[in-house]
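Okay, so here's just one chain, in structure tokens, the form predicted on its own.
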């Protein structure tokens, strides 16, 4: 295993050795802030909420082209950018003689008066740049989604949205396109010389295997280590709690975990796929999952977070858990002892506890496409629509046979220490007519099934009222789809 990492920054390969200055859980944000040339990136929250630290990561795809992804650098550990291109706001301008020429997204921000105090502007520019490289003439919906993860405390967003729309019209043409061949060669050079990474410091051990087989062996030897997929959850232990994570296995560089298989009946998502990739694939096939992920965090977070990582956290407010219960999904677990498949309904055992054994890794999520007479819906109640934690979430499914219920799942998040189903209400509704009268009789059973807590997001009484009203909402939206 190699002890160093390499990445492209400022058009050159940078090789980093870990020491007392930079450890394996040093974030890209803190690395850049120690660089005199890259202080445009800012820390606003250190938890992925404000977007002031947004950078763009360039990655080689299967066609040997570079894809550009905006990410919150406060959530990215340095080893995770090994073999990638790191792009900051300072890299966007061009020097032509003694003249500095701004990138189109920067110029439109100036022309549209989109910047106020300027603190958040570099992060906004980088989100605009990522959209510029990926979409031409993007729809308003896409612009809003690309900017959701960037908070501006000075002004309204109208001039920023206007600047984005005006800039993203050149089919991604810029000096990055003209220099892409050179960058591809540099990234290929790193890729060809890369082994699995093993970083040992006085206080930490950080391993980044390249294959599933290596990961299984490593996990078997280090069963108490922290597993990292995208680190959007784990990173907060470092940035907010200032923990020193002693042993880490980083699964982010295993290509085998990033594959998706689609058949006529089943979609099998690799656990290492980003939630943004899952969102795009599910748009036409699994509409409720697509809707779930469309209000999950921001695009920067979804691009980094992984499907397996979100499941593995076992959080009672994890939005994907109730909808996967509604889809009756299955989780594939693998390790040196073999593999097994667990129903999502049996996977969560307690508060942040799952059925994964200490030497196992989540490798895929398997979802059967719903039958034509099955309706699946997701609901999220939160203080704001975007970039917020659920107060209550719900994943519901109902299968109707001539308006009689032949299958039903009512799964709730935020109502207990675990994602939990309202089984009494399910039993009552099963084989009954899908009518308002029966729903009204089932609603008190919803309230009885849970004893929610009061916290900063809501009171217990509000949660109880919302939970039973969501069942009525589900009925009202499905009663005409018999």
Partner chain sequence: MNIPHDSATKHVSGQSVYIDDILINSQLLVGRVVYSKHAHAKITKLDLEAAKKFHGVHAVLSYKDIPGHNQMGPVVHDEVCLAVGIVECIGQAIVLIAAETEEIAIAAEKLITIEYEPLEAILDIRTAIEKNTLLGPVRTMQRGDADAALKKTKHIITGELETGAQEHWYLETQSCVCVPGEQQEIIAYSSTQHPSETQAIIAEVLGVGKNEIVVETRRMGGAFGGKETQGNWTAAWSALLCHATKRPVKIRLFRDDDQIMTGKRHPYLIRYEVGFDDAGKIDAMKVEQNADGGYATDLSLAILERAMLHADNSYYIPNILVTGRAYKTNHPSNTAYRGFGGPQGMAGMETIIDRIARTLKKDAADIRKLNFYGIDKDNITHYGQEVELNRLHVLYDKLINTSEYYARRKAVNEFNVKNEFYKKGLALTPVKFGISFTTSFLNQAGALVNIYKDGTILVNHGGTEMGQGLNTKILQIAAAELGVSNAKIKVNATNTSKVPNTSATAASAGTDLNGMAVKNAIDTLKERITGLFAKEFSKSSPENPSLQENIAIENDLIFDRKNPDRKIPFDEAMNVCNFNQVSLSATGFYKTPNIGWDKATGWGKPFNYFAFGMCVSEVMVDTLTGFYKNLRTDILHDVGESINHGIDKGQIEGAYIQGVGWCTTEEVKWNDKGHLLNHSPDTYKIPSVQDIPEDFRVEIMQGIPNPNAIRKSKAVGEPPFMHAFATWLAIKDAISAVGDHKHEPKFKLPATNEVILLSIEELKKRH
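Numbering follows the first chain given and starts at 1. Just so it is clear, the structure is predicted and the values come from calculations on it, not from any experiment.
The next section is about a form of this same protein that is not shown, the form predicted in complex with the partner chain.
Between the partner chain and the residues 219, 84, 380, 133, the one pair within 4.5 Å by heavy atoms in the model of the complex involves 380. Residue-level contacts in the model of the complex: of 197, 348, 120, 254, one residue has a heavy atom within 4.5 Å of the partner chain, and it is 120. Although the partner is absent here, residue 337 sits far enough away that none of its heavy atoms falls within 4.5 Å of the partner chain in the model of the complex. In the model of the complex, the partner chain lies farther than 4.5 Å from every heavy atom of residue 397. The closest heavy atom approach of residue 181 to the partner chain in the model of the complex falls outside 4.5 Å. Put simply, residue 96 is far from the partner chain in the model of the complex: not one heavy atom of it is within 4.5 Å. The stretch that touches the partner chain in the model of the complex, counting heavy atoms within 4.5 Å, is 381-389, out of 381-389, 357-365, 284-292, 263-271. Using a 4.5 angstroms heavy atom cutoff to the partner chain in the model of the complex, none of 201, 237 and 451 count as contacting. In sequence order, 39, 40, 42, 43, 44, 45, 46, 47, 49, 50, 52 are the residues of 39-55 having a heavy atom within 4.5 Å of the partner chain in the model of the complex; the partner itself is omitted from this view.
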